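Just the one chain here, the form predicted on its own, laid out as structure tokens.
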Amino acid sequence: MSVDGIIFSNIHDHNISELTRLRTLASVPFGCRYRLIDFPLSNMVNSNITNINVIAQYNYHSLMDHIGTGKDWDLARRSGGVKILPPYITGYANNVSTSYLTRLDALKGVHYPISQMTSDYVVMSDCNVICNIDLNDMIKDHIASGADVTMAVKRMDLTPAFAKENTIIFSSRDGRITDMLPYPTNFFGNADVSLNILVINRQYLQELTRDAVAYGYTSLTRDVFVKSLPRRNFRTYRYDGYFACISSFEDYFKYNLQLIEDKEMFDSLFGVEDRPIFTKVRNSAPTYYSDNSTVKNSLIADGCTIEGTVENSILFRGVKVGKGAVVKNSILFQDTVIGEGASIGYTLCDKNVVIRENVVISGHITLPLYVDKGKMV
């Protein structure tokens, strides 16, 4: 049995457009030292999937820098490893002037590499899903059921706002999918939500990609899966661990701060035995805390300098907090500088932001403030 992996890096960029103006969603920082792509990459590596294709489209320079040769995920290999597939690398895609809007558009854009796959199965995953899932168990379940496609789902109580950003899955008692409701606008209640992680037979993937090119299909769910339900064996795999889907900037901000507040969430992501979340390792100096600094309930990366107060916040590498400065309920990306006497709350500062001395800025938990990359306030 052989398994390949496909990761979609750009599909959900519009969800948090503030952070993806100059980067892919896959390379958005998360949780003090990680990037969002670390979760699908690690899930695959922990399940012995060592031939992984990352479909990129634009703004993927930081993604390439983060992944590098793949050595931090043990993917620097003579055969297989991790590959970034650039956009428009087939004759079909060269005729397309629009951006990839769906997974199927992305698959059509890399039709040739897919046609050359020889594995038995393919695992596909989006980058807006934060979870630590045992894909080995899911693959075994897929093989045992004889399914064409197995989709990871989680039973949840849904609000209309959450439901309209996700696909609802309906299935029989034996796990066979009977209906799919993509992005409903008025659904609420208890239902199975797709995690945007699936196992598919390689031959079926190649077949549906060819058909999509021939017939102009654009949506994997609506044009392929929903129409194929009567004649194909689609099944669910129930996942009971922690799962977060980033559908907005407010979601992203909330889930980051939950890492501090919710130990169960933190442990279910980073404390699972034999399933670590890998990321790029950087050899930074330890963080310096001055005698007058105060740090409470926060995640602080290496290479920071803390001379003020930090509470309920996440600081990435190289952040400097000046004397008398106060940082509360905020997220500071790499190399942000908070000047002496400044105060910020419910704010996300992108990379290389400078907050000058004695400046006071604050958002709210329901509407966090965003300071763009490289800005000086």
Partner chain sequence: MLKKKECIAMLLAGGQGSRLYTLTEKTAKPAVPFGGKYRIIDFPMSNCVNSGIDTVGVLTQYQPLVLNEYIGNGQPWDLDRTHGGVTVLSPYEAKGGKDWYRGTANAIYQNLTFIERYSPEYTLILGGDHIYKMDYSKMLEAHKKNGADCTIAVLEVPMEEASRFGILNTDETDRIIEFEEKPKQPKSNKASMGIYIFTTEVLKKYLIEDEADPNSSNDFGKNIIPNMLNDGKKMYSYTFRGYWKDVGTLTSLWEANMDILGKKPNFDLYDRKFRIFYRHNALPPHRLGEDAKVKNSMLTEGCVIDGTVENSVLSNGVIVERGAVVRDSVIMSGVRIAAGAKVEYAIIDSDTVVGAGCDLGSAKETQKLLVLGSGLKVPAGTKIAGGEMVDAGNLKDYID
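Given the structure is predicted, the values throughout are model-derived calculations rather than measurements. Numbering follows the first chain given and starts at 1.
Another form exists, predicted together with the partner chain; not displayed. Remarks below refer to it.
Judged by heavy atoms within 4.5 Å of the partner chain in the predicted complex, the contact stretch among the candidates 206-214, 170-178, 127-135, 256-264 is 256-264. Of the residues given (A301, I139, V193, I84), A301 alone sits with a heavy atom within 4.5 Å of the partner chain in the predicted complex. The contact with the partner chain in the predicted complex, taken as any heavy atom within 4.5 Å, belongs to S290 out of S228, S119, S115, S290.
Using a 4.5 angstroms threshold between heavy atoms, P29 stays clear of the partner chain in the predicted complex. Taking non-hydrogen atoms only, T294 approaches the partner chain to within 4.5 angstroms in the predicted complex.
The partner chain is not drawn, but in the predicted complex it has a heavy atom within 4.5 Å of P276. Contact between R33 and the partner chain in the predicted complex is found at the 4.5 Å heavy atom cutoff.
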